[in-house]
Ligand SMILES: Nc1ncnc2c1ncn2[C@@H]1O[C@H](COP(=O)(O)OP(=O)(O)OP(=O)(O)O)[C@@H](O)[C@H]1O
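What follows is one chain in structure tokens, specifically the form predicted on its own.
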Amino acid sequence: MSLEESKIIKNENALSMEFMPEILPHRESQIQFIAKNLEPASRGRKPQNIFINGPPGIGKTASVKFVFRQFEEYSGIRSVYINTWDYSTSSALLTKITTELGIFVQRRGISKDEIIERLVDGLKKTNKGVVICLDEIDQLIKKDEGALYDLLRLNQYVENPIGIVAISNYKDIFLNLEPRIMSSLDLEEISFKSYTLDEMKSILNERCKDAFKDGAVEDGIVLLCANHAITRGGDVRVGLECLRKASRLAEDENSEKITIHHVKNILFTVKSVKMNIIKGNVEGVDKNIINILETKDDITSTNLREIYSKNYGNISHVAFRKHLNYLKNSGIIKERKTREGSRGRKVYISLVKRKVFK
């Protein structure tokens, strides 16, 4: 059935996290904080760099994109949004920024210094303030923290005010960052808190107005989807996925509206969206560790390393611990520490599991 013929759906895009509503409810104070710190760039002054942290799916990225949209429309500030899952090296990051600003640069066969030179020349010609969002910045720090230094160096070559917004789910990601980089970043921090159940209901209600035709959503559905999202850590994407899957099921059944029956039938299939995204992006050693834990759960870190070495090749204790810490901080694995007699403490590793309500 095409969307034009749908009895239920008006605009399915409204159920996507990429959809940007005209108003972003329950993030007014955070939006004001972001705008206030970056706004000096519109007057030729250096903006205050920002670090935004908090659990996944609670409006961190949406709030930044909302401010960026306003800046592009009304202030003349150029804005660039980058998810560092996809651009986690200095060359990739600088190339992405350069192309996003409309400055031509070859994607391959060009050195980092040449990319910086093109970017600097382009910035000098525009003389406009630029604000850059580095989402999931932990990926950049993990793979190439020198990329941050290269980005900060731009301030030495141009008069354009350049601001940086860093986003992460984790508060302590800069703990081991090189001091000179941390000092240059000079970050103002803001922590986003999870939505309450009432706030989640309000957000999903607004999305329903954009996504579905009048009368297409039975009473009680939004509460059910909101509650499911709250039990999954307050991730809005979970609530939106519930609505999307329930609407698809309703259409398959040629129903006039989405009912409680439709929602209950799909709830058990909607788990943590963030977990699926993270698992789909891990690679190398991290991915191999996850593969082992999917078949041998809750084993000691020593046994896990032994299995890893047998299957994938030897790895030092220090390197292995570094990967375990990364997976733990990403919320993919958890540790359980015990003391067992005279042999001392043991650390058991397992995948984080999400409770599923049927």
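Numbers for residues come from their place in the sequence shown, where the first is 1. Remember, predicted model here, so these are calculated numbers, not experimental data.
Quick note: we don't show the form predicted in complex with the ligand, though the next part is all about it.
query: Closest heavy atom of Phe19 to the ligand in the predicted bound form, within 4.5 Å or not?
result: So Phe19 counts as contacting the ligand.
ask   = Does at least one non-hydrogen atom of Thr61 fall within 4.5 angstroms of the ligand in the predicted bound form?
value = Thr61 belongs to the contact set for the ligand.
- Task: Find out whether any non-hydrogen atom of Arg27 is located within 4.5 angstroms of the ligand in the predicted bound form, and reply yes or no.
- Result: Yes, Arg27 lies within 4.5 Å of the ligand in the predicted bound form.
Can Arg237 be called a contact residue for the ligand in the predicted bound form at 4.5 Å between heavy atoms? Yes - in the predicted bound form, heavy atoms of Arg237 and the ligand come within 4.5 Å of each other.
Which of 249-257, 103-111, 203-211, 218-226 has heavy atoms within 4.5 Å of the ligand in the predicted bound form?
Comparing against the ligand in the predicted bound form, the contact stretch is 203-211.
Check your understanding: Tell me, which of Asn160, Asn169, Asn288, Ser91 has a heavy atom within 4.5 angstroms of the ligand in the predicted bound form?
Key -> The residue in contact is Asn169.
> What are the residues of 118-148, in order along the chain, with a heavy atom within 4.5 Å of the ligand in the predicted bound form?
Replying inline: The stretch touches the partner through Glu136 alone.
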